[in-house]
Structures are given as C-alpha cells and as structure tokens.
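One chain comes next, on its own, written as structure tokens: the form predicted alone.
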C-alpha cells in the first residue's frame, strides 16, 4: 500500500511548503483541479525540484467525448506526471481510445478511472445512476479493466470486490481515508487504514488529516508506520 498526500491547500505557497515538510518520504502527491488550474505545469515542475523522487497523481477526472479525452490524455502524458484519471462514466469507447493513444508513448503514466465519488451516499448516487453504488462501481471497474486501464478510484468498501471481478493487480486508489478516526467532512464513505488493508487497497489518499495537522511530517510518519 502506498500513501498519496492530497495537496488541496488554498495557495501554491502553502502546497509547496507542505511538500517541503514531507520531502524526505517516499510518497505520492495528488494535484487536483484547483491547484492545477491555478498553478499549472510550473507547479508540477516545482514539486519535482523539491524531491525528484516524488510521484505525482494529476487528479483531473477527464470526462468528455472520446476523441477530446484522448487528445487531453496525450497532452497530460507530456507533463511528466506519473498517474492521472478519467471518469468511468465516459464509457468503454472513450477509455479504449485514451489507452490506444497512450500506447504509442514510451513510459506512459498510469491511468485510473473514477467509479463512484466518495462524496456520494447510496441515495444520492442512485438518483443519478439509477443503481446502487456496490453494483454500479463493479460494472464501471469491469469496463475500465476491459478497456486496458491500470485501475480505478473507488471507496475502500468497493476495493476487494473490484479486484475479485478484475485482477489482484488492478489498482485501487481510495480517497476518504481517515487514518486516526478524524471527522469525515464532506466525504460520505470513509474508512481507516486497517480497513483499507483488509480490502487490499493499493493507494490511500490522505489530505486534511495531514495538512491540517500542526506537524504534518509527524502525521505522515505515523501513517507510513501503520501502512
């Protein structure tokens, strides 16, 4: 299991400061919408300058018509990041096209598909997808697996079943991790590290429990010890 720290702070300077605090660890960093739209490729380059061994997960959740997604994926692959994601809801044609385009690139980044956002509870999810989370997440994961993606973004609670319906090597990355029983905030389906281990999760994403702590470095150390 690997730790991915979410750089979700309000400013570029705060995110860089956090990265500097935890630069001595072998971890992944998640860069999301706000940070990338505001700070762009320059920010990604600065993170690598802090520690060239940082692995970067660009969390943009591509969702568009197939050719537009493939074009965007091709450009993302030029940014020097290590992993990015698309929406499984975009469908198999789009995901196949993305992977076909990336197959021409040497050392391409890992590609994951978002199944059900961890901010959904079952009622809200069902109102959109007309299906329960457990069932639909597995279908989305199977579509992603069949399309040649490397894994999915899901909640801890779907991870084991997704691997059962795809492969043990099929990556599951799970947001909504509260390592020491912290408040769930705007996440609905949250879990701790012990549960993530039991469900065979490959990557845990932790944000607020780290960046809101008075000593983020100490919290990272504790998480890595638990892992």
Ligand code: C5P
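In this text the structure is predicted, and so the values were computed from the model without any measurement. Positions refer to the first chain, counted from 1.
The protein also exists as the form predicted in complex with cytidine-5'-monophosphate; that form is not presented, and the subsequent description refers to it.
J.: Tell me, yes or no, whether residue 199 is in contact with cytidine-5'-monophosphate in the predicted bound form, where a contact means a heavy atom of each within 4.5 Å.
T.: The answer is no: residue 199 has no heavy atom within 4.5 Å of cytidine-5'-monophosphate.
J.: Should residue 206 be classed as touching cytidine-5'-monophosphate in the predicted bound form when contacts are defined as heavy atoms within 4.5 Å?
T.: Looking in the predicted bound form, residue contacts with cytidine-5'-monophosphate include residue 206, since a heavy atom lies within 4.5 Å.
J.: Flag residue 30 as yes or no: does it have a non-hydrogen atom within 4.5 angstroms of any non-hydrogen atom of cytidine-5'-monophosphate in the predicted bound form?
T.: Heavy-atom contact with cytidine-5'-monophosphate at 4.5 Å: present for residue 30.
J.: My question is simply whether residue 117 lines the interface with cytidine-5'-monophosphate in the predicted bound form - judged by any non-hydrogen atom within 4.5 Å.
T.: Although cytidine-5'-monophosphate is absent here, residue 117 would touch it in the predicted bound form, with heavy atoms inside 4.5 Å.
J.: Looking at 156-164, 65-73, 43-51, 170-178, which one sits within 4.5 Å of cytidine-5'-monophosphate in the predicted bound form if you count heavy atoms only?
T.: That would be stretch 170-178.
J.: So which residues in 1-38, when you check cytidine-5'-monophosphate in the predicted bound form, have a heavy atom no farther than 4.5 Å from it?
T.: Heavy-atom contacts within 4.5 Å come from 6, 8, 30.
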